[in-house]
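A single chain comes next, written as structure tokens; it is the form predicted alone.
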Amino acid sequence: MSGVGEVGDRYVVGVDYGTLSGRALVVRVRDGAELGTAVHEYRNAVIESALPDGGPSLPPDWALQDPQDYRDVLRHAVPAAVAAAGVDPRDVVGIGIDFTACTILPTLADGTPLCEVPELRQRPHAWVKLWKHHAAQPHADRINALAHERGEPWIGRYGGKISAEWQFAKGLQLLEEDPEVYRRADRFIEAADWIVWQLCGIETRNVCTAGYKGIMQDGKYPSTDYLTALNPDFGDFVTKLDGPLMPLADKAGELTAAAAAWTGLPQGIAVAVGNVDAHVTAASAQALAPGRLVAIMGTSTCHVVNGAQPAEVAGMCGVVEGGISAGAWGYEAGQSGVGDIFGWFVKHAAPAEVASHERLTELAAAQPVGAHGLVALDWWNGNRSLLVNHDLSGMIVGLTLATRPEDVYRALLEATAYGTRMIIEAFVEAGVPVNDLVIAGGLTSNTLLMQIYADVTNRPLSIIGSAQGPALGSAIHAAVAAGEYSSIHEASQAMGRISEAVYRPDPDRVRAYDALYAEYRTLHDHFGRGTNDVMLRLRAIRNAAAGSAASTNETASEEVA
């Protein structure tokens, strides 16, 4: 990468916070050229088994993070990216960030994370709950049941179900499992908004996470009456969430002296309002027009598409006015496991001689559609859309003694494509057009997977022209916040990039996949819509056994001590 440019060029920095690392990207304002990038791996990564430094063990389905890892991205990745770009830091005019969501943490009134309060450091609920923390499913079930019982008007805008991943389910779990930490939490804030707070010293809330993850519709959260009906002590929850609400691409504030010292950037430059990794990518993919669905495919997949008016779509994650860009209704759906499923198979199930994505893809690509005789359900990490149930689990049907590793691998690739087709059909049936797909994220390099998606969905696939879609999107939002463009639409056209219709559906493969997809739908409804709840029963048996084992181990440790 080179920072060579014209005299007077200005630059922005986009920072993309992922599940395992944060990436900084330096971008030229006039044309979106990507000049330098750097990645910082989180020291504590995903905390799933026990708190750091010999802390207590965690129950099943927990996923926590350390907020210090987020600060370290600013200290390490941002200066390294600027150095790699070869630009003068004084020419940087703005910084924008995006985050996985819902990733949320409790803090004191000044923004201090509760896990950094010494007497609370060994309390799991004081830490950041990552998006894939799924232990709040029972709380989400109660939120949904009561909302339908009371006829709450907002529940339809979330497809009829609030996810265990979202703010209210995680907040209710916090209250009921550790009331003291709940009481000490002055603020309960998305990590996207928290890191912006660290950058500019001002607490803000972005309309994207407030709407999709925080049940804010038409300018208000669920009522106190509803919340106290869930739990008498939950009525004050909105006071922990409520903060200055700001549109996307607005300026949240200016870089403080402390944050300037961390990043090496000039004090006083614009800090853009926080955003979500998927939603911010629509700008970098030039996909803000209604009907163009962006699928950001990595460990999981998030699907976002703009529409001209609001509609209620069964099983979607939400519809929010201005949730993707101003002037449109933004729709979101998602799949909780995609790349993670493929990675699981390579790591844990494939024989050593073929245990690589490259080799399995090569072997799977040689097969005609349907030759493996398999159909899989893509629920290794639960189902985000359309069933909104993270207690569901995966399945492969059709295994025989003739089944080979590449057969299973291809069936898993196809299963995720069927899940995306379910989402698209739900949108279309509700009156939200989906004309084509734009794919972003780390899985775009798998050409077999991309062609499968084109054939299964029977739609052309375009590919984002950047390997760093979220970071570029954050940089584009920073350019608007800095006043370099008058709107996100103008900035997207100038700075975003896309390769149009790289993959087109083949009519013969489309017909073959239609037959397999019909079988997928049958299994989907049988195991996911209450006909047979075997997956939920197995999950309950597993959790009970894990709890018993943990109790036995703790007793044994106490006896040794």
Ligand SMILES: O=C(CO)[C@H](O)[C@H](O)COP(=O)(O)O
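Being a predicted model, the structure only gives us computed values, none of them experimental. Each residue number is its position in the shown sequence, starting from 1.
One more form of this protein, predicted together with the named molecule, exists but is not displayed; see below.
- For the residues 385, 167, 468, 100, the 4.5 Å heavy atom test against the named molecule in the predicted bound form is passed only by 100.
- In terms of contact with the named molecule in the predicted bound form, the residue from 196, 302, 81, 476 that brings a heavy atom within 4.5 Å is 302.
- The stretch from 217-225, 274-282, 119-127, 287-295 that comes within 4.5 Å of the named molecule in the predicted bound form, counting heavy atoms only, is 274-282.
- Although the partner is absent here, residue 131 is a contact residue: one of its heavy atoms lies within 4.5 angstroms of the named molecule in the predicted bound form.
- The partner is not shown here, but in the predicted bound form the stretch 323-358 reaches within 4.5 angstroms of the named molecule through a heavy atom at 332 alone.
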